[in-house]
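What follows is a pair of forms of the same protein chain, given separately as structure tokens and numbered structure 1 and structure 2.
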Structure 1
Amino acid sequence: MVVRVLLKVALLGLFDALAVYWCVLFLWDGNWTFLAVTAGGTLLLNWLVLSSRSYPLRYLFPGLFFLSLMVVYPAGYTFYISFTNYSTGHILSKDEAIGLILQRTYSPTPSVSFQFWAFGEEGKLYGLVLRGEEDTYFLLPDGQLSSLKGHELTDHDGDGVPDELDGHPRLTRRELFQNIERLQTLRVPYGEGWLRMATLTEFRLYLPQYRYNPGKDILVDRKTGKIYRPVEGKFVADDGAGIDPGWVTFVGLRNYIRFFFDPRYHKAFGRVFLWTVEFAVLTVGLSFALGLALAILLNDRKLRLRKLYRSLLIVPYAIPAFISILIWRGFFNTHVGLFNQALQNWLGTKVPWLTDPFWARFSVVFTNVWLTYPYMMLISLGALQSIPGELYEAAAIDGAGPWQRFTRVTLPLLMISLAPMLIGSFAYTFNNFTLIWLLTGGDPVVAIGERAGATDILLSYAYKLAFQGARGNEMGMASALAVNIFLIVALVSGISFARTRMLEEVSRGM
């Protein structure tokens, strides 16, 4: 017991010491969010370990922690992003965007330039001589600029080009190229701007192009005189010209409204939504019908080799889904796929399985039915075996035929236990990104410039908006679509669960 307590104290002390160390680092860095999370988490952990009142929470906390980290936080962050303009060109904070803009420079007219020569030995740069119209300077490799006084510059052949500096020879063109990366990074303060290498023989003066006025919150272009004001996360001039990058800002319901009123989105959204519903309904309906039919056959005790059939029919469920999908993708290949080779040999024709919208959708539904029917067969078989045989005997005595026994006894009793699973299957299929992405990638293309393909479902369409945008990545729009997907699935599931309550009356009557 003593050893256990000492071990607990030692581990907790080590954790607290690390937490204090990180808190100090966050404090120095000014990262208040991470500081608050680290400090709060450390205090909570100490309370869970040391307080006797927190004993039940010790077992719940790990699950609650990962639930919050893996589910609640991503969902909340997605909801937040959907109300912002987070997208390509708008991923920074305002201060970060201003900082990047203020780093931009321009060369004034007339330009101020200095001819330069580099001196040293091969592999070692001693310094540079910068000669302008009026002054000549000595530049160290670290970017420090000083007067040439105190340095001996020698021109042996009298051609006006120095040959040595403090006894160090001038670098040849080849030797200069060996130091080119180092020279290109030099930003030498000079007057109001910087001297930077412009060519292999010249340094040029560059001035900061923009000046920020924090009081008026405006940017002034020193080159053109334009004034830029912040408009929806971007500095914009009166003529509509903007400066990139912008910053993340709150835009309210604009992302949601664009899905319904912007032609670039509402047409694709409506088409993708309709296909997603069709895909989910067809897959769940067909796989359930096939699984139930097989379950009824396998539930017949008179069927010989039932165990063998069950083992064979469960194979699609046992193989990892992504492997099966890639195999089917090879089967559906238009040129070298198994199906088209067989059709070419037998009928002299080929089917554009993955390049025609109709056949691509057929391929997606067919593959998903193949992947899901074993699950439907298993749950149906288990539910069938739980139905008392006396009910069928009573129905047969009352004169019910096989179809009546199925529709009046088997199916109602099956739906009592299977309806929630069918709803879950519908929600899973509604968001089955893996199948769509691995089999078709959402293709084929419906129209040039259209992001959503013929087989894209809402989730794959959201992925394309977020990470594969031709006009840039639109994470805000993708998040809004993700929230809509969540609401749609929640609504359909809620209505479906409410409807399944009526089946409880059937079970009570039984």
Structure 2
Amino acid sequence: MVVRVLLKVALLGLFDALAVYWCVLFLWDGNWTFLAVTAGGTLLLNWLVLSSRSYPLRYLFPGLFFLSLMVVYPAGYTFYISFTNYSTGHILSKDEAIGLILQRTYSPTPSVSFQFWAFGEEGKLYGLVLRGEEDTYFLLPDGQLSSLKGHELTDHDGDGVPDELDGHPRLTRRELFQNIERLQTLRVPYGEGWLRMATLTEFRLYLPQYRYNPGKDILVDRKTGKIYRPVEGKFVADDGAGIDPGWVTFVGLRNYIRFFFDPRYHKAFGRVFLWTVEFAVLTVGLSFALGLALAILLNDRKLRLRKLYRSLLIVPYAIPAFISILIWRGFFNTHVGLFNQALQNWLGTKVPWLTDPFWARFSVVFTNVWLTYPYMMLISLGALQSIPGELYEAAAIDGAGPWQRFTRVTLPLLMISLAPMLIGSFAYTFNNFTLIWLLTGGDPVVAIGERAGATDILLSYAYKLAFQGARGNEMGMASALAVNIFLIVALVSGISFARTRMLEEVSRGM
């Protein structure tokens, strides 16, 4: 018992020490989010281990930790990004962006340049001599500049090119090349700017191009005198010219508004949204119809091989989806696919399965019905078996035919127990990125320059905006789209669940 307590305290102490180390590191970097999370998490962990009141939470903590880190936090962060302009060219903080911009230099005209020669033995650089219009300097390989006084420069042949410095011979061109990487990185402070190697024979003066005025929050271009002011996360001049990089800044609801009013997005958004709903409704509807039909077929006890049939019919469910989708993509291939080969042989015609908008949508729904009907069949079978036989007997006595028995008894009862699963299936299909991405990649293209293709669903459109953009990565827009998807799915599920009173049943189960 004592050993156990000691062990517990020792481990906790070790963890706390580590946490403090990380916290200092985060504090140093000014990474407040990570600091808060680590500090908060560590305090919570200490409370969990040391307080007896927290006992049940100890079991939940590990799972909740990962849930918070990888589901809840990303959800909140997505929400946050959706209100920013986070995108290519806008990924730094303002200070970082200004820091980068202030490092930009330009060479003033007329240029101030120095001819240079390097001296030393092979592989070992001794020093450089820089000769300008007026002054001549001595430069150490580590970038220290000093006057040439005290150094002896000799020109044996009198051609104006010095041959020796303090007894060290001048490097040949080849030897100079060996040191070039080192020389190129030199930034020697000189006057208001820096001297840098410009060519193999010349160092040149570069001046910082921009000056930042923190009081007025403006950047001044010293070369042209232009004034740049911050506009939506970027320094922009009056004539519209901007300086990259920009920075991340709040843009309010702009990303959301764009999806409804900006012609570059709202057409695509509307079209993709309608297709996503269509796709989800068609898939769930058709696969449920097929699955239910097969379930009714298999539900007959007189069918001898029904166990075997069931096992074979769920094969599409047992094959990993990404594999079967890629196989279907091969079958649908316009030139070498199985279907077009067969059509060509029998009818002498071809169908553009994946390259024509209509047929591509057809193929997507067809493939998804193939993938989904086994699930529908299995849940229908379960539900069918739970319907008491007396109901059918009673209906038959009342004179109901087979069709009436199906529509008046079977279907209503099935819908009660299956509605939650159909809603779940709808929500899942609504975001079935893998199917779309592996089968068509969202293609075919509907218009030049339009990223959302004919079969893109909202989630694959968001993926394209975030990671595959022709205009760079539009993380802010993609996040706003993700929030929209969440709201749509939440709304649809919420309404349906309220209608089916599924949550009440769930509560009873607790």
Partner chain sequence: MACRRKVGFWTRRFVRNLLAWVAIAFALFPAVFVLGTSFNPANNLSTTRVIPRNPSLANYFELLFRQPFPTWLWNSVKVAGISSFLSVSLCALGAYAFSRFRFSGRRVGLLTLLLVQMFPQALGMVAIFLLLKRIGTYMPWLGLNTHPGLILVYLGGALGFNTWLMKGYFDTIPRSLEESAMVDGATPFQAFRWIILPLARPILAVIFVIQFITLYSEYLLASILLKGEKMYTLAVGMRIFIGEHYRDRWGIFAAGAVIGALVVLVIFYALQSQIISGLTGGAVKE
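What we label the rigid core is the largest C-alpha set whose atoms superpose within 1.5 Å from one form to the other. What you are looking at is a predicted structure, and each value in this text was computed from that prediction instead of being measured. Numbers follow structure 1, counted from its first residue as 1.
Which of the two shown is the form predicted in complex with its partner chain: Looking at both copies of the chain, structure 2 is the one that matches the description.
Relative rotation of the two rigid parts between the two structures, taken as the smaller one's turn in degrees: Here the smaller part turns by 7 degrees.
Backbone CA shift between the two structures, Leu171, after core fitting (angstrom): Looking at the C-alpha of Leu171 between the two structures, the offset is 4.0 Å.
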